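Here we start with a single chain on its own, the form predicted alone, put down as structure tokens.
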């Protein structure tokens, strides 16, 4: 497939925003159970929600560059009964609403106590909003990933690892950002977020590596016979039936050589997994905000490469016919 930059930025940016919100809610949940020290609501949870919302808005804005008629974008939600894309269009604003309400509650000091337990576990109103927002975040991860995993004839995408990788990669980037943010806003949580960022990044490395290995061993169901509907055993393609390129040759194939794809794979493996883990360890050990910021920046750049390869690796069956120009 031909990777669209707007979709690459959409999926990576909202992934960071989703992961950041999950990190905030996780930290608050631990603090409510007194496993972590309590933090300043407006300075940490409020400002953190603003950062997460900024990434979500940036991702939403980038998606408009993928539309031929942006003024008709509202119609994308019409097919929610059968389309994962329509469901994503509905759930994304819902996530943004929960993140906004969660942040406002902390900024304005509206985080009232709604219940306590005998073990002095305190439940605030924002925890309820955070729980609903987290549920919406997981739903959004599912909707975004299923847009691709549900396409049966694109075998590189059509497997459960697609959903798992979208979830883990987005969460890893969010927790890495939360680690850098906690250095400035909540130093007591630095090692908590840094440790979880490393754990999730390692988990993402395992599942993404599994998907790469799987894709190299695929046995494609489509053949040149099925592509043109002729069941003869010996078919030789001489041309694509046209002198120049067309929509089919531009939008369903990236036009890059195998060595280029191989280099992109190793670039993102280093930038998404190896280097961020080293930078996180070094940043926590030396308490260095610049190194922690570099960990997030490097990982996000790597995710852009990873998402490009994710789209480029998908071999559309129509290319069996249009492979010769």
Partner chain sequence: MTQLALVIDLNVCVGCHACVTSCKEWNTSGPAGSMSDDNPYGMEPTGTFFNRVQTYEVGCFPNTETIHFPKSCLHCEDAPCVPVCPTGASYKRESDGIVLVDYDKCIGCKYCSWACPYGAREFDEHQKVMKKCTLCVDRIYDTNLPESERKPACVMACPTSARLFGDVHDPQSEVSVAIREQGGYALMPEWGTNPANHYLPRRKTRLHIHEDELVRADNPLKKEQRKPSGPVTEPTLDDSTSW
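Since we're looking at a predicted model, the values are computed, not measured. Residue numbers count along the first chain shown, from 1.
There is also a form predicted together with its partner chain; it is not shown, and the following applies to it.
Comparing 75-83, 175-183, 124-132, 197-205 against its partner chain in the model of the complex, the single stretch with non-hydrogen atoms within 4.5 angstroms of it is 75-83. In the model of the complex, its partner chain stays beyond 4.5 Å of every heavy atom belonging to residue 213.
By the criterion of a heavy atom within 4.5 Å, residue 244 is counted among the residues contacting its partner chain in the model of the complex.
Although the partner is absent here, residue 224 lies within 4.5 Å of its partner chain in the model of the complex, judged by heavy atoms.
Within this chain, residue 218 is remote from the site of its partner chain in the model of the complex, having no heavy atom within 4.5 Å. Contact annotation: of the candidates 94, 104, 228, 142, the single residue with a non-hydrogen atom within 4.5 angstroms of its partner chain in the model of the complex is 228. Checked against its partner chain in the model of the complex, the residues 98, 253, 192, 148 give one hit for a heavy atom within 4.5 Å, which is 148.
In the model of the complex, 224, 226, 227, 228, 229, 230, 232, 234, 235, 236, 237, 238, 239, 240 are the residues of 224-240 with at least one heavy atom within 4.5 Å of its partner chain, listed from first to last.
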